[in-house]
Ligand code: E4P
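Presented below, as structure tokens, is a lone chain in the form predicted on its own.
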Amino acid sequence: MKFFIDTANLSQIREAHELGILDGVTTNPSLMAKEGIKGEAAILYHYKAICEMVDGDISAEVISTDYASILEEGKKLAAIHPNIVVKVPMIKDGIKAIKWFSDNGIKTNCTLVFSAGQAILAAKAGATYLSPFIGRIDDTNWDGIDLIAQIANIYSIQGFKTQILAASIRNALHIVKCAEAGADVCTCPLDSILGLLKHPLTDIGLAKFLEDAKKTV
């Protein structure tokens, strides 16, 4: 399973990259706004900076909702760098745009996915990635991990090549469960990635080793 970091914060991206386990980055308008990045020129420059930091797929999201505008915006994003993946919402015009991008060699990430039916449409359109939002599904008292497993099963049976990119990750356990359920990619905040490091027995064991090491000096 590949690890993407879900942020527009350059210092967090750098820290995850320095761990040696980072495969890519996902962003969205909310994450850009959180970093105070405003205006088309500033946003495009920021995407370029991320691409120069990470040698992997970088999802850049369109904010248009009609077919022609999605195509125009997506082409502009794709022109930034070869690693850009155009992130398109799961709407009717979004599916049409994903098909066009797929036919013209532009990678896509179908976002805001909440059902297996939506996942089938995205795969049929040729999406490179599919982003089910498991945390938001959990918020509605449904199980987001079950959806990942269902989509993975359907894609396996049907031979779809679209990669399942589990999004809206809330904690380290989500990451583990996504790996068990068959996600190809997991995108999450830095805190969730670092949470995988933590276990009280590791801390206890390390403290004991260090204590005993002092006796050998």
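We number the residues from 1 along the sequence you see. Note that this is a predicted model, so its numbers are computed, not measured.
Beyond what is shown, the protein has a form predicted in complex with the named molecule; the following relates to that form.
J.: Exactly one of Arg136, Lys96, Lys124, Lys76 has a non-hydrogen atom within 4.5 Å of the named molecule in the predicted complex; which residue is it?
T.: Contact residue from the list: Arg136.
J.: According to a 4.5 angstroms non-hydrogen atom cut-off, is Ala167 in contact with the named molecule in the predicted complex?
T.: Although the named molecule is absent here, Ala167 would touch it in the predicted complex, with heavy atoms inside 4.5 Å.
J.: Is Thr162 one of the residues lying within 4.5 Å of the named molecule in the predicted complex, judged by heavy atom distances?
T.: No, Thr162 sits far enough from the named molecule in the predicted complex that none of its heavy atoms falls within 4.5 Å.
J.: Spell out, yes or no, whether the shortest heavy atom distance between Asn28 and the named molecule in the predicted complex is within 4.5 Å.
T.: Yes.
J.: Partner absent here, but in the predicted complex, which of 167 to 175, 146 to 154, 62 to 70, 39 to 47 has residues with a heavy atom within 4.5 Å of the named molecule?
T.: Stretch 167 to 175 is the one.
J.: Which residues within 180 to 204 place at least one heavy atom within 4.5 Å of the named molecule in the predicted complex?
T.: Residue within 4.5 Å: Thr187 only.
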